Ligand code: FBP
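Taking the form predicted alone, here's one chain by itself in structure tokens.
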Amino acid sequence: MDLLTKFSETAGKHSPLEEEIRKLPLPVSSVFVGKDGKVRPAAFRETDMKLVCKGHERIAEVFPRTVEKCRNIVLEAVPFGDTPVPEGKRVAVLFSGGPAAGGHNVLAGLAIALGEKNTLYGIRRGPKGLINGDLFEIRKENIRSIINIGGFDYLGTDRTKIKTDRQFAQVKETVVENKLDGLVIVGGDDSNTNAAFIGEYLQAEGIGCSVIGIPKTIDGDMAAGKFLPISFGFDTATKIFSELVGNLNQDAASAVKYYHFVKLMGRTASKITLEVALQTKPAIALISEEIAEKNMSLEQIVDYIVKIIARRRIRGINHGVILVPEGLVEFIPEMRRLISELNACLAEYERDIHDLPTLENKREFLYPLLSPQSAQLMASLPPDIQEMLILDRDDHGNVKVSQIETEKLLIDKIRFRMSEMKRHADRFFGEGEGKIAATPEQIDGFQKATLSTQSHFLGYEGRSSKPTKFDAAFTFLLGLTAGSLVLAGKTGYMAAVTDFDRGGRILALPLVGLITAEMRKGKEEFVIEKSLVSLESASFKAFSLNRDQWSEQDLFSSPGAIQYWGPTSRQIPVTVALDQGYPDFRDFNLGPEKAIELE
């Protein structure tokens, strides 16, 4: 075979690495291993653990059948034993929301759990496909080409929320027409909330179809403490981001002039930013939850960054990396107030504002409608940020907060403050509270140095990667768990894995135990509560204890590329290891490795 032929054969996901990782054995928890050594489904027993959310009485009113059935009790997987595996079951699976690495291994786990005598169906294009009844049969041999491979492209996905009576009726129609015994929904907090509503609805309609959720999101905000330390996709995404941030740290130190401002995906929680910071030790990392707790203004954040940059400069360090969470602006009190006021004004005066010809006209119209504080803040923002706040709206007419270029906003304000410090050095350097101690020579060096910046946004790069060895194993176990729950006739549960350091403990969490009632825009809504960074967590404390040293010196780390073999191939997220109290983060244990049979 000549070189051209060999090269041509790498197309269609057949690169040398892709070919090899398809063959990788996966760690499998012992509850899924039969006496013959083969992977098979598990059974479940009730534990003495319960998940009870705040406002449980109200949740019980909304999900009466599910609460009565599961009683908020956490289930634990146990070996199936010699009992025959149920046969003739028809189970469908869909992906919902954004991609996350490892989704295809969920399908592999489901297929293995169901075996040859039950049928697995894929639903194309997520919840929309469920509504439209777009199903196809998935066979084991179909999965052989996608196991350990990234993306959601085998099934596709979308973000449709099933809310209306008509949509629920269409779901029922799909379930009945296809004679489904089980429906597995792979998604984040919104998707798993939807799973709970669908499960309750089908029970009310007398439809015996199990509905099981699987936790997916790279943001890491789909977690439940000791029951579910993290969602799948987080490990892969943060390793990819950490490699890139490590490279930027190295570039900054090499070029000796750049500050790289890196916005990291994660609109609500700062878990990605915290994990990447712990892996790479940057000069500065902002944590949204801390900023909200300290009630820091935008100007205070700018002041915090500028002082670190100034202190580094007088030590001869004129470079570094600054990590910024995607959702930072929503945690800054005055920015949150401005966005809220803009949303209200733009909703009430939508037609008036739309008819105004220029951005300047729109600003002049809006300023008198805002509070004086918000109007002043708005006027202080760069024109492109103002334009984004006024013109870029989502489907509900609200500001697209996630698309605000926070890193560029900070750069603009930091540049102005640095220029002010150069012009009025006596106000910022010297003796006295709030001033930076520096010699005349150091001040002179500070005034001569320039601030060169580069901005980056890391998000999509981490969503559809080939999964890390941890995420590949984690998702396979989640698929085995979901398939086992359907075979056991359970409904209204979310598959979960914990004890990543001790062989893996397989749990089923009652979805209603994760849901809470919240007031949103004056209306009661039922949602799974997002898991945010806790300032009392071991991971945040580790960051807090070390960040001053990282800011004063160049102590960055470059964790390098994801390994499938080698010293870091078995590493789990540092934040998970710290918060769960594991002895190490460099060697997960989810059971003995097994070759996965997909014939």
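Counting begins at 1, following the sequence as shown. Owing to the predicted nature of the structure, the values given are computational and were not obtained by experimental measurement.
A second form of this protein, the form predicted in complex with the ligand, is not displayed here; the remarks below concern that form.
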query = Should I218 be counted as a contact of the ligand in the predicted bound form, where contact means heavy atoms within 4.5 Å?
reply = yes
ask   = If you check in the predicted bound form, is E275 within 4.5 Å of the ligand, heavy atoms only?
value = no
message = So, R159 and the ligand: in the predicted bound form, are they within 4.5 Å at any heavy atom pair?
response = yes
inquiry  = If we define contact as a non-hydrogen atom of the residue within 4.5 angstroms of the partner, is R267 a contact of the ligand in the predicted bound form?
reply    = yes
request  = Let me know the one among G129, G98, G504, G151 whose heavy atoms come within 4.5 Å of the ligand in the predicted bound form, would you?
outcome  = G98
note = Assert contact residue (the ligand, in the predicted bound form, non-hydrogen atom within 4.5 Å, options K281, R312, R90, R463) equals R463
Which of 284 to 292, 210 to 218, 345 to 353, 370 to 378 sits within 4.5 Å of the ligand in the predicted bound form, heavy atom basis = 210 to 218
Residues within 4.5 Å of the ligand in the predicted bound form, restricted to 293 to 329 and counted by heavy atom = E326
